[in-house]
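First, one chain by itself in structure tokens, the form predicted alone.
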Amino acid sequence: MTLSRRTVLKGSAAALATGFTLNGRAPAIAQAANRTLKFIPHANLSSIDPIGTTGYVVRNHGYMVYDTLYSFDSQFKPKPQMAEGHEVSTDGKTYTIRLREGLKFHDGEPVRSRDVVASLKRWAARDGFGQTVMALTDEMPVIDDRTFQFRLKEPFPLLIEALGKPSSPVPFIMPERIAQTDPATPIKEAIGSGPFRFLANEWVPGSRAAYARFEGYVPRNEPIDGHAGGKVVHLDRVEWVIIPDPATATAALQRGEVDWYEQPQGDLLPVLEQSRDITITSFDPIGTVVLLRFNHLHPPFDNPKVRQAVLAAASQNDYMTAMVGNPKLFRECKSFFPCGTPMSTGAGGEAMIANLDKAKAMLRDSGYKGEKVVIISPTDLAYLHTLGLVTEDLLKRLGMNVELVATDWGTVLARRASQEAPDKGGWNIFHTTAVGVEFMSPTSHLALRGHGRAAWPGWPTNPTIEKLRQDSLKSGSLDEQRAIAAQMEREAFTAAPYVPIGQYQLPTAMRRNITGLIAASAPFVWNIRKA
């Protein structure tokens, strides 16, 4: 009896479909599919330099390729990662850090102390916390290939916390030859020592990016714990599939063409929930904070009493219901440090009364003269535009003269950088979000700085908050830091540098055969298995 080629192919296809195995093994095609993860990131990977931009998609790419000296565990404590450990001199001014043995870069070169020093200097040039570190550092001598030092001008108990900073820009370690690139110039190679190699020849911006397991990576011999612990990889390959259209991305996940959709759009979640093959969860235990930012340079919000009136009028529940919808995915958080993090005290939070009548009286007493309030709002980011619409309605009911400028996100970013008056291309209010870990420390909380025109857009001047920030840099215990954080929060609820709007969990959707998701502030793929 003879078999036609078509019959053989049909039989092979049937074997794959039914899970047929040979000698107890799945066919090679099935094995390869089970070792490849197809992932839809929340945005296009247009850059590969995680120091040159604070964009989260580039940060996530960085975590694939690079490693860090220290990482935060689930209790927000920095733990050694590339570092074997460190010693501190009795005067607290010298930190000696030793690298783990056997670390190597994707190009085969060993990781040396000089690579680390060059990487940290490049990171510090772009990061606020890093700039603080370098301002307090006399020198960073290389002792040997695995050992280097921080020699400080004065004790700095938060140095290790800075080196474990988990969000953008992260102090990733790269080869010295790449790290010596000017911090303002994007790097052209993505060579790290992390668990995955970037496949540069497969990168097509706007379409795809790919990563292969780095066989030379040796994870720490510790359980995974937040950002810390052993990064054990069970996949051979990860493909980022760029699908900008939410409906198309949703359909691809439904059909099993991709395995994981990082940030499905809220109004499409009910569609995904109907599938028994898809699970919807969240990987970030802290979540994302939402805020309404004032421009402190120009009327009317150069007047703290006007800012206080808006803070008193704002209802976090109204904002979060409009933006997120599902009450299971958000929480009210009347705190300037994210709820669920060590520094969040809520001191002074009673100022957020969500009482429109009381707020109207406060506005009348503030001396507000009917100045126009220009709200800049991006129509291409629906969740932020929703916040703009809520604020427009709130301020009109409060009795303010309001103009909503609806435009694209790029224009919002350009306009919010302007310190000109609102009628000359400036602004009065914008809304934004930030991953909670970025706001959890008094030393690195960008939106709580009070150093005037050098501060983050909004440019508040607040010597009290700046003094408390300096005090926090010298605090040696968690209790001291919490006491300082409580003082900062009380001052912030009085000065109102911005209005905290709430905290929410970004939903993520994946096929049910994907397991091992890590609770962390980024979508990590180590520990992930695909059945």
Partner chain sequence: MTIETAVAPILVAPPMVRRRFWRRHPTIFAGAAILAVMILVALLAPWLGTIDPTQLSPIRRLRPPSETYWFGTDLLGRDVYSRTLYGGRISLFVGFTVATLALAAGLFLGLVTGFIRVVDGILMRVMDGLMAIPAILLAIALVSLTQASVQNVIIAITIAEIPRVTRLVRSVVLTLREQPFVEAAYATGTRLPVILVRHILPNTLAPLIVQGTYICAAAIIAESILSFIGAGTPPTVPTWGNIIAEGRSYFQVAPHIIFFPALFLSLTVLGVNLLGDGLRDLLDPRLASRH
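Small disclaimer: the values here were computed from a predicted structure and weren't measured. Numbering follows the first chain given and starts at 1.
Same protein, other form: the form predicted together with the partner chain, not shown, and the subject of what follows.
Using a 4.5 Å heavy atom cutoff, none of Val57, Glu101 and Val170 lies near the partner chain in the predicted complex. Stretch 267 to 275 is the answer when you ask which of 267 to 275, 420 to 428, 134 to 142, 364 to 372 has residues with heavy atoms within 4.5 Å of the partner chain in the predicted complex. When the partner chain is considered in the predicted complex, only one residue from Ser282, Asn303, Thr96, Thr379 comes within 4.5 Å through any heavy atom, namely Thr379.
Here is the short version: of Ile286, Ile224, Leu329, Leu404, the single residue with a heavy atom within 4.5 Å of the partner chain in the predicted complex is Leu404. Though the partner is left out of this view, Glu87 does not reach within 4.5 Å of the partner chain in the predicted complex, counting heavy atoms only. The partner chain is not shown here, and in the predicted complex it never comes within 4.5 Å of any heavy atom of Leu297. Remark: Thr321 counts among the residues lining the partner chain in the predicted complex, judged by a heavy atom distance of 4.5 Å or less. Interface membership of Met82, defined by any non-hydrogen atom within 4.5 Å of the partner chain in the predicted complex, is ruled out. Shown without its partner, the chain has Leu389, Val390, Glu392, Asp393, Leu404, Val405, Ala406 in segment 388 to 406 as residues with a non-hydrogen atom within 4.5 angstroms of the partner chain in the predicted complex.
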